[in-house]
Each structure stands twice: as structure tokens, then as C-alpha cells.
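Next up: a single chain in C-alpha cells, the form predicted on its own.
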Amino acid sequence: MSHMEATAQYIRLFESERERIDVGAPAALNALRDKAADAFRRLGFPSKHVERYKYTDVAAAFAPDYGLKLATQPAEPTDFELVSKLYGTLAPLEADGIAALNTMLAQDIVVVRVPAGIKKDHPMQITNNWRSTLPLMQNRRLMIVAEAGAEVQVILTDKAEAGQDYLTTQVTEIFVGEGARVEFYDIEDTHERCHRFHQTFAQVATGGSFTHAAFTLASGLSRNQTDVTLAGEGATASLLGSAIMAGHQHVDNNTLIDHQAPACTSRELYKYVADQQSSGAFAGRVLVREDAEKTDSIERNANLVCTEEARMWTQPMLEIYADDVQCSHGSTVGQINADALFYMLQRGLSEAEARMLLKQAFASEVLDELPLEPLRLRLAALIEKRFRNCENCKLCK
């Protein structure tokens, strides 16, 4: 199916179900629906000729005929005025077809608001369990607002029952106030029949701190886009990612860190393990604007390609318009170290066990950077389980 045909399919869906979509949604979401629909008609699904989408065939992912579960009763947000004020202000729906599609179809929104000075003692967890007897499409919105001096940790987990096709779009908008701290953890543990497009847009004010960590433990096709604007002096951002791929899985992480203010710091580390016929992509752009003097930025991407059939594309980018900065970026693509493998075989390990341990050690560097220790330990156990099952995993058959 072409991009035009796929676009037309979802325009027809929207037009035929518009009344039901509006009835089951709060007014704040309906307020942007026409604007989003006009943008989607104009933009359509991004093709591989669009720079940020050149590693993923978007139209093919959206081509199947998915059912759309619609709510019939609206659930008004508690912070209605807050949602009306902030909803859609970070997501570039007029420039991005996926953001426009999500805004056109989304019916509900989860809002996490932490008042000024409040520091949450425990992380908040949002778990989505996909379950359906027919192919199902979901369009979700999440908003996190940490006011001045507030602190919050949010864990988003996606799971899916086997045996069905699922398609999910999610747009997350995060507002980090002055001196506030937000940690956002995005964990996908689904299966090969899942298509997932998650876009995260964050704005960090003066002295604010934002951490985003994306872990793809199992998936079919997964595309994560993370755009962070360091809008105030002394703001910091840490972007972390890890993807474990096998079978014909495809994982695409695309990031942008926009340094708009002076004395801001950003750190970025993404690591992939690509096995069997899987494919992965990483494109990370760090933009340092003219007024962003004293910027300190490091970007790294490392990839372990375990077979001749696996593929990995990497594109770290620096775009600097200020003079007094410290910025570096780099990427590596390699195979399992033959000397390390030989060393482990000489000490009695089987080749399968030795390879598993080397993959696990390679991925563990990202875990070491996580501020939330209980989650770090939990993810370490899940990653070990994933690697131990990888040789005979049902995902790879």
C-alpha cells in the first residue's frame, strides 16, 4: 500500500467515526482535532524520503485494517484547565504526520501533575496490557507536568497478549519546571505482531533535570522519537536506550536534543544487540543554538551485530552555532569479540552460554546509568531472561 492509500484509509476512518470520537473525548482533546486532521491530510504518513523516518516503512506498518476501540462516555481530566492550556503545545502536529494522526484520533489522556515543591517518594507506574480478539489500534496521550522544584519518576510499561496484531501510537508531552526533576522510563515487552510508534516531547526550564530511558525487550516494529528542548539556563537532559532484537524485529530510535539556553548539559547513550535477521536504527541530533554558550554534550551509540543477516544503521549528529562549547559524539558497530569468546570457551562454557553472557555484559552499561535502583535490578533480570531464551525463543520462529 502506498503512502497516499494508507493516508486515505485513516482519513476515511476519521470521517466515518468523527461523531463517536468526539462524544467519547474531553473537550480539550476535541479542540485540536480539526487542526490535526487538516495537518494529516496535508502531510500524510511520512515516507523514507523524510529524513527522520528514512529507516522505517511507516505506511506498511499502518496498512493492515485495524479495529479502533472507541469510548462512548468522556472522562474529563481533573486538571481540565491545565490540559486545555498545555495539550498539543510540544507535539509538532503540523510538521509530523504521526503526531497529527494521534491528535486526530486520540480520545483520552493520562495526566500526571506534581505541584511545586512536591517530591514523590515512590515512582508512578502506568501499565498497558494489550488484549483483543481482533486486530486492534490504540491512540494514547500522556502528559507529565512537574512544577517548580517538584520531583517525579514515571514508569510506562507496554505488554501484549500473543496471537493478535496490535498497532499503537502514543504522544507524551513532558513539562519540567524550574529546578524540577523528571525521570521517565519507557519499557516495551510485547511480541513480533506489534507495531508501536511512541513520540516523547519534553521541555526543561532553568535548572531542571530530565531523564528518559527507553528499553525495548521484545517487539515487532518499534519506533521511538524523543525530542528534548533545554529552554532554561543550567537545564540538563540524559537520554538512555537499549534494544534487544532477534527474528525480524525492527527498532528505530530517533532523538533531538535542542540546546537553546547557556550552561546546559546533555548526555546520550543508546546500545543495540541485533541478532538473527533483525534490524535497528539510531539517529541522534544535538543542536546547539547561538545563545547556548557553555554547552556540555556527549552522545554515544554502540551496536553489537551478532549475525551476517542482522542490520544496523547509525547516524549521530552535532549541529553547533555557539563558540564556547564542549561537544562530542560517536558510534560503533561490531561483532562479538572473538578473543573474549575464545577465553570463555577455554574455561568450560558452552558457546551459547558464552555468547549470551557477552551480549548481556554489552547491554549492561545502559543499566548502570539508571538513577532508579529497583528498576535497574528488575531490568537486569528481564534482560538476562530475554538473552537466555533468545536461542529458542518463540519470537524468533
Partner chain sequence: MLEIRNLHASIGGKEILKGIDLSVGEGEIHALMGLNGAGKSTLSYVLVGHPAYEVTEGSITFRGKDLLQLSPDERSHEGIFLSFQQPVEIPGVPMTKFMQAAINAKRKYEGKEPLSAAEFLKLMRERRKIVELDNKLTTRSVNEGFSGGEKKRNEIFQMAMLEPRLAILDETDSGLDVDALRIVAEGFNRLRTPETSAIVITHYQRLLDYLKPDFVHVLIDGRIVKSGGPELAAEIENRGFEQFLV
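Numbering follows the first chain given and starts at 1. Predicted model, so just to flag it, every value in this text is computed and none were measured.
There is another form of the same protein, the form predicted together with the partner chain; it is not shown, and what comes next is about it.
Student: Scan D339, D65, E51, D34 and let me know which has any heavy atom within 4.5 Å of the partner chain in the model of the complex.
Tutor: Looking at D339, D65, E51, D34 one by one, just D339 meets the 4.5 Å heavy-atom criterion.
Student: Which residue, L358, L370, L43, A61, has a heavy atom that falls within 4.5 Å of the partner chain in the model of the complex?
Tutor: In short, L358.
Student: Tell me which of 341-349, 65-73, 26-34, 325-333 has residues with heavy atoms within 4.5 angstroms of the partner chain in the model of the complex?
Tutor: It is 341-349 that comes within 4.5 Å of the partner.
Student: Within a 4.5 Å heavy atom cut-off, is E384 in contact with the partner chain in the model of the complex?
Tutor: E384 belongs to the contact set for the partner chain.
Student: Any of the heavy atoms of D57 lying within 4.5 Å of the partner chain in the model of the complex?
Tutor: It does not: once the partner chain is placed as it appears in the model of the complex, D57 has no heavy atom within 4.5 Å of it.
Student: I'd like to know if D38 sits close to the partner chain in the model of the complex, meaning any non-hydrogen atom pair within 4.5 angstroms.
Tutor: Although the partner chain is absent here, D38 would stay clear of it in the model of the complex, with no heavy atoms inside 4.5 Å.
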